Ligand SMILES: NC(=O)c1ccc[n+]([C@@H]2O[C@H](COP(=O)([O-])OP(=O)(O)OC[C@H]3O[C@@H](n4cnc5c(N)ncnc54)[C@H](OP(=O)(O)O)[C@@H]3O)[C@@H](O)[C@H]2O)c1
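Shown here is one chain on its own, the form predicted on its own, set out as structure tokens.
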């Protein structure tokens, strides 16, 4: 790319500063005439950069690439839309704006010749969009699951290893730049869900809106839950999963008990970890930083520097129309207050007079979500192997088990 080509940069928060750092390291900062910001009153004197709240210069002919790194999804949508209508290359990290408008953006790419790349919106430093879009285009993926959010993983790690409170762990995450001042997107599971739905579009060609999918965050995880996991040699992770079972697509984001045998067990702090299961390649595991200025800034810079003409293919959207999204899959869950869910559960098994296991469908969990949050009831997913291990330990310790 010629030095004459300019970059229209919006946003100078954590990711924006990380991206600009890479421009400086490679002598490309002069390509940014001025940076569009929301708050002109914020002190940024330490940065030798011109700031503006005016977006009018972004779409001038000499601006080749729009790099959108703002938190406001409505403004991000308008910027991306106008940029694509002008045939620009767009690099964005705004997963919410993209997941709600992806179909519209794809149509605009085809109509006006622009390009939209958003690796920085999905799983931090792991180039997972390119992996599934390019590398796996010749194989059939049966499941993608993993830790998609570095902030929630950092918090859960602190709860388990240091025994501190949830509020203390959240404050630490904010101080380290992993969590926003309003962290609800991270800890509520929204962030993981947006990323998961974008991958689902690439892998299965399903454009599913967030309000149609299951996501339960970590806000209700209690000290009792942490002690329970520690007692049984387990960890709690916020796991995202999309899988294909006989052409039915199941999607979920849930706190999950993870055993030492799982590769995800050792993924701690702000790190992300992703497992992909496919027909011919078996299972592969990817691990990398999921939060922080330079890791995400690098991913955005990589999208900016990618070869001219590269674009996502969206083969699944065009070629696979036989997949059906379903909410009828069952989740085995544990709760330390399972008795409050008894009337909704099937195959319930008690560990005590309050705690135990049972099954809930995706549809039922979506229905119960407001009730769970209102009453601060934690539900934690697990597999049958872990459940049997826990029940056997209870029988060994007490000599009996609740029925």
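Residue numbers count along the first chain shown, from 1. The structure presented is a predicted model; accordingly, all values stated were derived computationally and were not measured.
What comes next is about the form predicted together with the named molecule, which is not displayed.
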property	result
Contacting member of 173, 93, 254, 197, with respect to the named molecule in the model of the complex [4.5 Å, heavy atom]	93
One residue of 369, 354, 38, 57 in contact with the named molecule, assessed in the model of the complex (non-hydrogen atom, 4.5 angstroms)	38
Partner-facing stretch of 242-250, 102-110, 223-231, 290-298, counted where any non-hydrogen atom is within 4.5 angstroms of the named molecule in the model of the complex	290-298
Close approach of residue 177 to the named molecule in the model of the complex, 4.5 Å, heavy atom	yes
Residue 12, heavy atom within 4.5 angstroms of the named molecule in the model of the complex	yes
Exercise: residue 71 in contact with the named molecule in the model of the complex, heavy atom 4.5 Å	yes
Contact of residue 75 with the named molecule in the model of the complex (heavy atom, 4.5 Å)	yes
Triple contact flag 127, 273 and 305 to the named molecule in the model of the complex, non-hydrogen atom at 4.5 angstroms	no
Any residue of 111-150 that, in the model of the complex, places a heavy atom within 4.5 Å of the named molecule	120
